[in-house]
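Listed next as structure tokens is one chain, alone, in the form predicted alone.
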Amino acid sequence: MKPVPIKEQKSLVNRLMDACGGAYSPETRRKYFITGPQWAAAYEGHALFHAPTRKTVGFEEVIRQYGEIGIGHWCTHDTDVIPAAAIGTAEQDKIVTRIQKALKKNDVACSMVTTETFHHAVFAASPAAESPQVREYAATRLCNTVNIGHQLGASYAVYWPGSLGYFVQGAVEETQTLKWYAEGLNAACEEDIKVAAAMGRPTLKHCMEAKPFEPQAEILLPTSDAMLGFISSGLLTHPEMVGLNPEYLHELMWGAAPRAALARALLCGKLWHFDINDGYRLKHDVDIAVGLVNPLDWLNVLVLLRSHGYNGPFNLDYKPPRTTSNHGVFKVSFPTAVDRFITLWEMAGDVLSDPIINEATDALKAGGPRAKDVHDVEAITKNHAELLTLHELIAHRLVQILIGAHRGRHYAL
């Protein structure tokens, strides 16, 4: 095999990408509420043990590329686009104006804003630290992001309290820390009410995002269920304004079933935003693109969301692999992530309309003949025993739909 010259490598990637087929047009992609984060496209491949492998990409280029791909919405942390020292200054106003121009030029909307309260050294002890000055600064940052969100036309604000925890037990008093954290959210909601009224806009949907591990050794709000408890704890002055942004992998990381976590959020009416990616149970936050590890699980997740009419954002919160080039991020990584999501979403529609699954499900719900005596456990068991085999049949049918066997695809041996 001959080495591939540098000047021919991009064209090789482009040719093989085209040969893959199965791509949707940018116009089709825009029909779905898919959002692209600034941080995902700008990720340079660095991590705790990793040096960067890609060059820096600014927000104007990210927004331009999203527009070309057909990702109709963009979102960002405040410090993804505004240096921390420029927060709340005239420099921030200039940057926001540039973002507005880039969004308009590329027909992309800002869907969500979020505040970085985990990276800067000021948040070493979390945004709910013992120091009143740190907490005051954190609240100022949260309120500032609310203002940016309204300026950019966003509808959502997301909060990941990743540094809300500790390395050593006893270093913080958990109940007090949670009360202090609530004060920051309360300040953001109060600011939102004021700014929304002044601008004649609806208030934002404030969404909390849980993660069980990292960056602290122990996290105070590690799961979506913990956050549902926090929202209903009485600490929030506007709990009706606060919901959830579960992340698929964050739920999977601690061994949970993401679909079950989403179901609990749906029952509470708090599933407002959804970060989509993929990965592995009981491992660190690898942030692989949607459908590359657990496509069958993803199909089941989307069946649940379609059946319950979820219409919020699907946010591509993943990291293009360190092995992918800058060119590949926008030529391969993001287009294929979007296309796999769309395919799985439409497959979920096939599941919901499939006559075999529907007949099997209806039969399970109908049950067998009623026993004459409600206390006759043996008769009740016997009357339903054969029907329960349908659980495995449904699972088989889901795999058939995933691989296209329900449409006649098979392999001749």
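These figures come from a predicted structure and were not determined experimentally. Counting begins at 1, following the sequence as shown.
The form predicted together with 3-O-methylfructose in linear form exists for this protein as well; it is not shown, and the discussion that follows is about that form.
The partner is not drawn, yet in the model of the complex one stretch among 146-154, 207-215, 97-105, 322-330 has residues with heavy atoms inside 4.5 Å of 3-O-methylfructose in linear form: 207-215. In terms of contact with 3-O-methylfructose in linear form in the model of the complex, the residue from 160, 180, 230, 272 that brings a heavy atom within 4.5 Å is 160. 118 is the sole member of 137, 310, 118, 254 with a non-hydrogen atom lying within 4.5 angstroms of 3-O-methylfructose in linear form in the model of the complex. Heavy atoms of residue 141 never reach within 4.5 Å of 3-O-methylfructose in linear form in the model of the complex, leaving it off the interface. At the 4.5 Å threshold, heavy atoms of residue 247 reach 3-O-methylfructose in linear form in the model of the complex.
Though the partner is left out of this view, residue 345 does not reach within 4.5 Å of 3-O-methylfructose in linear form in the model of the complex, counting heavy atoms only. For the chain shown alone, residue 317 is a contact residue for 3-O-methylfructose in linear form in the model of the complex, at least one non-hydrogen atom being within 4.5 angstroms. The three marked residues, 39, 114 and 285, each reach 3-O-methylfructose in linear form in the model of the complex, with a heavy atom inside 4.5 Å. Heavy atoms closer than or equal to 4.5 Å to 3-O-methylfructose in linear form in the model of the complex belong, across 66-80, to one residue only: 77.
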